[in-house]
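Next up, structure tokens for two forms of one chain, structure 1 and then structure 2.
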Structure 1
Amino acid sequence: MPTLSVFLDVPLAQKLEGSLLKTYKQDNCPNKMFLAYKVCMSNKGQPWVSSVVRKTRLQIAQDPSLNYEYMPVMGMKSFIQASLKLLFGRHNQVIVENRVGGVHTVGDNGAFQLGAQFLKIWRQDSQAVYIISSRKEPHGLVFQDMGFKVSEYSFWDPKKLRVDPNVLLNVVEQAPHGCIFVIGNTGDCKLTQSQWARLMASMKRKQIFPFFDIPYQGLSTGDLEEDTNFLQYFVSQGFEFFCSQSLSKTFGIYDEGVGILVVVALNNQLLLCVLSQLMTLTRALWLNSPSRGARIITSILCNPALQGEWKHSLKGLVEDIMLTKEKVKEKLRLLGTPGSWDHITDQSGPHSYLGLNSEQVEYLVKEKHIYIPKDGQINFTCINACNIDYITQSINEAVLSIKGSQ
């Protein structure tokens, strides 16, 4: 008699965004291109890695003093401290007052998983989560799986081809009292002083709990402090909050994803209570975080010379991204492509919107074998001297063939 499988009723899950990469790999066209990599790419078409990381990795591998023991449950203490100083600044009031701490996590998604677990237990009256970012984030899946009611919004206005900071203000004013507010990718969301004051007042009045996402500090503007300046508004107004801080992209350590769940509390006693509960949850989730990526980052951040070298390479990467965007815009202008393409250079960071509609995106994929997401947000580090002419000519052809975006 045949044995029935316990998995008999398990259906296939819906295809994830990774199916675009799968389709690209199955394409036999010699001119095919993939412009949706999550990682930053070098001019040679390989994942970008800071030169100082390669050097530090070798030094660590040859260090005889390392015993490769399991990390503590909280993770590598020196890594957490160095990361917090990078995020807030060495002399920030939350560091001086000893009311900020963190837990070393498995990548940035690990920070959201840990934070969501904590909020599910300790904020049972706040089960509504609002996620607002300039792009589609995976965090919604984390909160949904834990039973939260999730609403997602985007800063990007596809009709006006710009980031609209009013979206953030409007969503906060519509959100219910005591909800959790996940704010990610704020690089292009420039609020005025009056808008910041309005936002702070609304969030305080409604007792909204902020949960920030810092996925690539320094990659938006090239200035590490400028990219996190917005946190100072919340610190100065006495907010308590969580923050997912990931440094994998800014160092080029993609396959050894390390992150931190940052906790800011009103005082040290409250901070210690929260961290103790997070450690209890960490034991159940992954027990010990991987150490090699954290060791590399800590070695660089704690050595002034190495940190200076890393900052220089990071600034060079950002300058290359800005130059690529300028070249793309200028080539489209010279081709006479209809519409204004200023929105390309108005956006910061490696991932930016082209401003194409879904039909034009489909045209690029099917007719030109240029693979980009349906929303038209591409990774500009995938564009280099070898492919920029083909890409811009293809965009021009798509816009002329299918009008409607500009």
Structure 2
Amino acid sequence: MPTLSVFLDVPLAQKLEGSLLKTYKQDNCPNKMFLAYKVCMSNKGQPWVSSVVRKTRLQIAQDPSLNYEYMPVMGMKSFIQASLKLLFGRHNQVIVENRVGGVHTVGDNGAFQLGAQFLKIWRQDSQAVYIISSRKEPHGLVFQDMGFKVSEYSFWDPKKLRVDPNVLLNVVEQAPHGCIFVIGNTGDCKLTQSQWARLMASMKRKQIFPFFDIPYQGLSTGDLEEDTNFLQYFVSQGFEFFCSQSLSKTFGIYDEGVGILVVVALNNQLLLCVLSQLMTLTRALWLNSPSRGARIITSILCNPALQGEWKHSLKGLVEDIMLTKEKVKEKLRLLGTPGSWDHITDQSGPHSYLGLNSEQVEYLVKEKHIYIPKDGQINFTCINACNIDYITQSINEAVLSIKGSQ
């Protein structure tokens, strides 16, 4: 009997991302290169892994005392505690007052999925979300799929080639009352004390709920504490917030995606209520999150020697990033490429804007087989001794061929 398919009305889903990578993979040019990997790359063009990770992996595999039982629904307790200490510092007010907690989440989007589900249920009157453009995909889509109205913003001023704190202030001031504001790495957005005060006053007045996004603590400045200092402002002003704390990237265990949905509440009682609701959601979402990544990270964070070694490796990575940026700038200067390239070294972290316009980016992709996202934000760890000359010469060509719009 011929049957009609149950799936007859299901169309092929539009590919949302990865099309640049796909085009790159299909390119047969031997000189092709991809400068938009999510992960940090080592000097040898391999995904960066902290030296301490391999050792810890082996130790765990050889440990006869470990059992492989289910973890609690909330995840690995010691992992959550160690991660919160890393984020806030051991003696932070929220830790001492027992009003910060977390749920162990899965993958890169788990914390956003969980947080968004909670906000969908418990903040029904505020279904507008603001998110920085570069994180619209994948995190913004999580909110969008759930029916939130998602708006994008950007700190980066492509004309002035710099990050502009006023953009952030203006976006907040124009945002609707009670919206959710996803705030990512503010490292390059050097707000003055009075700008911070103005930002937080606006957010308080409009009851904007902050949802922080910490994808790689320590990779901006090389200093773990400095990178998350801005959270202290919010804590001290009595904000309640969520934070997606991702930990896989700073250890180099990309295939064990693991993180925390961090909750800061005004007091312990409120915190426990929120965590209990999150537990119910977690149970439905995955029930028993995989432990491997959490175990590696916890082993490192809870051992001072290993933690020291990890921090050292992280610092080395950040120094490499800064050095690469310096070299790119210097080479462009030697080539006499028009324009100031200070904006390259003014930005921190692996992902920074080259400061090219879309035609120049297109030139690099089409003519030079250098794959770069449309906004020109690249991963500087993809540049190494083998490809830096080709890349800087190509940028020079692109700039000379297509004059900037200013």
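For clarity, a rigid core is taken as the largest C-alpha set superposing within 1.5 Å between two forms. Since this is a predicted model, take the numbers as computed values, not measurements. When a residue number appears, read it as a position in the sequence of structure 1, where counting begins at 1.
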ask   = Of these two, which one is the form predicted on its own?
value = 1
key: residue 8: CA movement between structure 1 and structure 2 [superposed on rigid core, Å]   = 3.0
